[in-house]
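Quick heads-up: the structure tokens below are two forms of one chain, split into structure 1 and structure 2.
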Structure 1
């Protein structure tokens, strides 16, 4: 897999895939997509980068340990349920705000926070497994 073409191309492909995964994550509420599938995309992006350039650059690039990312995801996904306390509605009820930036109306919700949490859990878990397997290959 260590062809020069792949190695040159992989960083761009990775960047593009991560960007696309965020797009998939954000369109997820009304269209096909969401945190889980976005997370899978991002994880495969890191896996590709790892296959091309080795595991160490990937670990350096994502800075945090993948499992810590998964922990972070679980944390904010659970936190997404807590605004329900202030709104006096049952736990994990979707709460929406529509702030206007210029003429654009943004639809923000606790559901989105939950989905971002799912994204991080999936990225963290799958990347962790993928990197561990790739490290085995390198040995």
Structure 2
């Protein structure tokens, strides 16, 4: 299925899917979505790009090694629990702050930080598996 149309359309589809995955990530915790689903969408986008163009362009596009992304995500998800320890509540309890930017009140939480960590863990893990499978198919 490596046609000229697919190879031409794949970068645009990948960019659109990654953008939508970030939307799903930020929509997250209270609505359907979050880090896991957003990460699956982003990893699927990289898999499509890899099928169309090969493994090397995907590795160049994501810049960091996928396992490093997963480790970074695990670190971020763990950091999300530190404010709850400082507030003397159970680990990973969701804490909220409501800063005002102009006339807009922005709701920020530790659950968003946790979801961002999960996003990176899922993207790194699934992309690593997909690239390993694609490399085996290319040989």
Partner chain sequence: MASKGPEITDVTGILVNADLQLADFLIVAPVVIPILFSALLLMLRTRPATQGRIAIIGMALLALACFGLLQRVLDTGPVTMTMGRWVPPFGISFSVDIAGALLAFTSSVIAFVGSIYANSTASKLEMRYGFYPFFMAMMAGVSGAFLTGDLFNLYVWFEVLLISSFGMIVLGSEKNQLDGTMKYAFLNLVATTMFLMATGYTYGLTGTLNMADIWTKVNSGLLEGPVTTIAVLFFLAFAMKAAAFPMNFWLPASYHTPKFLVSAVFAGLLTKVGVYALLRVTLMLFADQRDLFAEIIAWIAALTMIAGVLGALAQNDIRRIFGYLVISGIGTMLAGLAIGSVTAITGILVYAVHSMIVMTALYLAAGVVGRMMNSNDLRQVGGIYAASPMFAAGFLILALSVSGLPPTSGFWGKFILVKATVELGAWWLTAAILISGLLTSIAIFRVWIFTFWRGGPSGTRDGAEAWKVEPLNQEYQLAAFISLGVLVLATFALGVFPEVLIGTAADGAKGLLYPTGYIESVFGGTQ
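Residue numbers count along the first chain shown, from 1. In this text, the rigid core denotes the largest set of C-alpha atoms whose superposition between the two forms falls within 1.5 Å. The structure displayed is predicted, hence computed values, not measured ones.
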Decide which single structure shows the form predicted together with the partner chain, answering 1 or 2. 1
Could you check, with the core superposed, whether the Cα atom of residue 82 shifts 2 Å or more between structures 1 and 2? no
Tell me, please, whether between structures 1 and 2 the C-alpha of residue 101 is shifted by 2 Å or more, with the rigid core used for superposition. yes
